[in-house]
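So this one's two forms of a single chain, laid out as structure tokens and tagged structure 1 and structure 2.
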Structure 1
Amino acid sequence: MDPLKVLLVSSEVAPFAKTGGLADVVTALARHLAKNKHDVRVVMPFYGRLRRSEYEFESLERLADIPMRCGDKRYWFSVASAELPRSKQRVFFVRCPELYDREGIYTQDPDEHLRFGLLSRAALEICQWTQWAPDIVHANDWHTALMPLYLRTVYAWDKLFARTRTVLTIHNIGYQGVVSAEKLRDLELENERRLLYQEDLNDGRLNFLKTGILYADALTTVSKTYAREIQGEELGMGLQGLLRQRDDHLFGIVNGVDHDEWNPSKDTLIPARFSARDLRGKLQNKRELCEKFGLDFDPRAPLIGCVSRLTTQKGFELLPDILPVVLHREDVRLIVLGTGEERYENYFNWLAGAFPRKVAFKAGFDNPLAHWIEAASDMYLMPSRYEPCGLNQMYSLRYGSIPIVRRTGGLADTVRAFDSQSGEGTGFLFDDFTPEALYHAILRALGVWRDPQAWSRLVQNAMREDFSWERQIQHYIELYRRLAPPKR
């Protein structure tokens, strides 16, 4: 089959700019599409912080000082490129200092709509200036969700895009890009009001993500369960009705894991490497991590790990009622790494003070320590209120750290409940979002821990799971091919 031409556009691409999983997913898509011999162009903004980074950027002379009208203003953008680390794939950066030369990736500034409206249009202008006709334009989250509409309106005249089809991935429906309808002029959509949601316009607003959901040829989200959940009242965030209407165009594809980076037998960030066949290194990692944080080490006492953003979404409100009880009654250790809401940071600081030989907490993000916690832990705690996909549970499976998770989103799709009778399953799940339900899941895990033979079977099951990008990328390629018109 002929290779596909795929334009990937995103506000984040790792390692250049990252606040969450979006950046990792886009990077993985680019790398693995390229590995499969497809022609991929990745476009993102050139944020101010990149001027101080260690990456080498090449200015593209033929893509310099391109004018773009945005309502009553005119902007000029240029394009630079850099190689994606661990890949020959290049990323294209839209340089527009007036919009992007700011400290943060996202802002609360009044021109935030312009920053990403211009990104969406600039990506299409790059195609025009280079006469590169994409088979697929793959937009990501609200920031680039206007691209399907732009192709049907502002760029409909250009036959370069006659065969182009669009995919919009919803990474987290909680962020929708809702702005005043007065911004339509800035976005060059004032003459397209008839194509937008009239109720929204009457209420004086424009919703970027809703517009993308309406006009994209296909919609994806990052797990099959989340694709169902966002069609319901609880997690649809107001878009559930539209998503139900477009159900036959909505596909759930679980994110993959980079097995080059997350592999206990090759990981250079952990003290001792190990594999499913030889787990001695895992015990050494556990001993050294306990020593590092001043915890009592006992191979018979399970170590529970947690690396997370400390937010309400992640379910941490369930913990205060049960963790002190577990720590009083059971011989367990707990290590938490994360940053976020002050109340949760304060709670874990208090817990570490109350149980200094059993609990350790480090505020912030530390990638080597995140790898070490995965490698050292016997169990991994992830009690999310909702979780579109989640990556840490898949890292944990790979490292033989057994997940204790709520049955939601990607957690439900990637962790199978362990059955002591059959020996099947990879972790422990609970359904109700209550402290009691989580408490009983922890007790089930501790019960299996006390049976070394059952625990060994469980760890082997977990480490055999394959959620690699090499496997998951095929689902995207299949979708792209289904959408792209056959070559003449």
Structure 2
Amino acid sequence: MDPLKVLLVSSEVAPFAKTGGLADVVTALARHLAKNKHDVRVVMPFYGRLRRSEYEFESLERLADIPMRCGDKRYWFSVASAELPRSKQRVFFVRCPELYDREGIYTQDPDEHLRFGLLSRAALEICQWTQWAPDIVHANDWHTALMPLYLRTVYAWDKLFARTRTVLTIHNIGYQGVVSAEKLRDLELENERRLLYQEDLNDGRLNFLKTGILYADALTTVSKTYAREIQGEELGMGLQGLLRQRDDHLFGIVNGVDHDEWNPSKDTLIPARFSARDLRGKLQNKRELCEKFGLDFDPRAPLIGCVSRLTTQKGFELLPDILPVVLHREDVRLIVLGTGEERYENYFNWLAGAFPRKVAFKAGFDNPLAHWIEAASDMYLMPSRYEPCGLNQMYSLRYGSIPIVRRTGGLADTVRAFDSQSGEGTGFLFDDFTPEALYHAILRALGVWRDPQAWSRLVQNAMREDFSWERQIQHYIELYRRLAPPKR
């Protein structure tokens, strides 16, 4: 069969710009599509924070100073490219300093809609300038969710896109890109009002993600359970009705683990490598991590790890009611790496102050430390309120750090409850979003920890789970093939 031409557009692509799982997923998709011999183009913004010294960016002369009208404003963009590390794949960067030379990836600035509206359009215009006709335009999250509508309106005249089909992946429905309807002008969609959600327009709003859900040929989300959950009241975040209408076009495909990146037997970011057969390195990682952060090291005391964005989604409000009790009563250690809402940072700082030999907290984003925590910890905490897929629990399984997770979204699909009788299962799950339910899950984990034989079986089960992208990518390819009209 002919290779597919896939245009992947995203606000984040690892390692260039990342705040969470989105970046990892887009990169893995690109690498594995390329490995399967498909023709992929990845497009992202050239953010001011990109470390120019670290990557070799090459300006593309043919794609320089391209004007783009955005309502009353006019921008010019150029395109640079760089190699995606560990692949031959090149990534295209949309350069528009006026929009992207800012401190962060995301901003609260009044032109946020333009930053991603321009990205979406620039990606299509790159196709036009290079006469490259994508079979599939794959948009990700709200930032690029207007692409399906753009293809039906602003770019509908161009035959280049006549056979193009669109996929929108919802990595997290909690972020929808809701802006004032006045911004339609900037987005060159003022004349397309009839195609938009009239109720929203009447309320003076435009919702990027909702528009994408309405117009994408297919929708995917990152686990089967989450695909079901977002069609319900509790987790649909207002979009459940529309998602139910589009149920036939909504697919759950769980994310994979990039084994080149997250592999305890090859990981160069951790002090000692290890495998399911030889776990000595894991203990060394734990010892060194405890020493580095001033925690009392004791091989008999389990170390619980947590690496996360510190947001409400991740369920941290369950912790204050139970952690001090657990830390008083049990001989455990806890290490948390995360950045986000101040109240959570304050809480973990307080906790580390209250239990200096047992708890360490590092505020910030630190990829090598994230690897080290996975490699050093015995248990991994993820009490999410909701979790579209979650990557850390899968990394944890691979690194023999047993997940304690809430049974929601991708956590429900990737962690199997450990049963001491049969010796089957890979982690500890709880259902109710309450401190008590989490407390009992932690106690269950500690109970099994005290039985070294059972624990060792559990670790072996966990480390042998296979969540490889090699398998998951086939589901995307099948979907693309179903969408793309056969070539004559």
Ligand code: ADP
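Heads up, when I say rigid core I mean the largest set of C-alphas that superpose within 1.5 Å between the two forms. Just so we're on the same page, residue numbers count up from 1 along structure 1's sequence. All of these numbers come straight from a predicted model, not from anything done at the bench.
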Shown alone, the chain in the form predicted together with the ligand appears as structure 2
Rigid-part split between structure 1 and structure 2: do residue 474 and residue 434 share a side?
no
Give the rotation angle, in whole degrees, of the smaller rigid part relative to the larger one between structure 1 and structure 2, based on C-alpha superpositions.
9
Could the core-superposed CA displacement of residue 293 between structure 1 and structure 2 be given in angstrom, to one decimal?
4.4
Give me the C-alpha shift of residue 304 between structure 1 and structure 2, core superposed, in Å.
2.9
